[in-house]
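The chain below stands alone and is given in structure tokens; this is the form predicted alone.
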């Protein structure tokens, strides 16, 4: 909770009361001049628990929740297939909308949410916290400054593990209606966003998605070949069936060398012109605690380090105050859903799928 001397100017409502909504609430409470004022959850007991920890009135009815005032922002942490519906309802009441990834489970729903926020004159942002991780920001700068040269090859691997109860204890995980997919739409979407942010649009994809281990409707394993508009080619693997679970790894090879990212750490930068100030992750942070934290996402859905979410939230507040664009807005987040839809279509049809850039408003 807030301490003395920090006047509250931003009032936030939390939609959802599960693990990720607790992360959102923690991020709000760690942001100066912000507080949680309302919590909505279909499971009222969970909502009461969350409000007991982080503050706010408790609602079991979404309409009453959206009428709560003062409230300027809603953070949407409900099942993915409800993001657009609930975000649209909030926008129509003049509330800014910050949504957990993915923006929703289809580009049609994402379009509807984007259009509703535009019509209401409110900001729309999406929690893609990789975009604020220091080493990933550094990798982005290396690419943008041409130090990696022309990117030729990308290899992304999200080889995580989730036990059967991860799906069995949830009404929505592993379903098409509310999860929109499996290992790719839920776990791999951060890496999809990262590839698009670093390398630009994908023009064509060929993929195979299978359910290899878990008793769920959707895939728990996918492999895709990506052709980027800039001429690079890449592979993407995502799974929740790789016991015991390994850190996400991204390797980028350009004409001037190769960089390797593990989870959110740049562990290697082998360039023709070496970086003056580069040290590997082991050189800088080689403790056992760092290694354990590196693997946390690979084995657990619980976010223990909320600094990324907190920075995304703080950035969203700045966008509101300065009438700017959030770090990842709705149109940018739309791209990852488009690519994932294309992966699923390619797997269903057995044919490559071409993608066209989203038309600008």
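Numbering follows the first chain given and starts at 1. This structure is a prediction, so every number in the text was calculated from the model and none was measured.
Quick note: we don't show the form predicted in complex with a small molecule, though the next part is all about it.
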> With a 4.5 Å heavy atom cut-off, would you call residue 33 a contact of the small molecule in the model of the complex?
Replying inline: no
>> Considering non-hydrogen atoms and a 4.5 Å limit, does the small molecule approach residue 20 in the model of the complex?
In response: yes
> Taking the shortest heavy atom distance, is residue 68 within 4.5 Å of the small molecule in the model of the complex?
Replying inline: no
> Applying a 4.5 Å heavy atom distance criterion, does residue 193 contact the small molecule in the model of the complex?
Replying inline: no
>> So the small molecule isn't shown here. In the model of the complex, which residue out of 102, 125, 87, 188 has a non-hydrogen atom within 4.5 Å of it?
In response: 102
> Which among 171-179, 111-119, 237-245, 215-223 is in contact with the small molecule in the model of the complex, heavy atoms within 4.5 angstroms?
Replying inline: 171-179
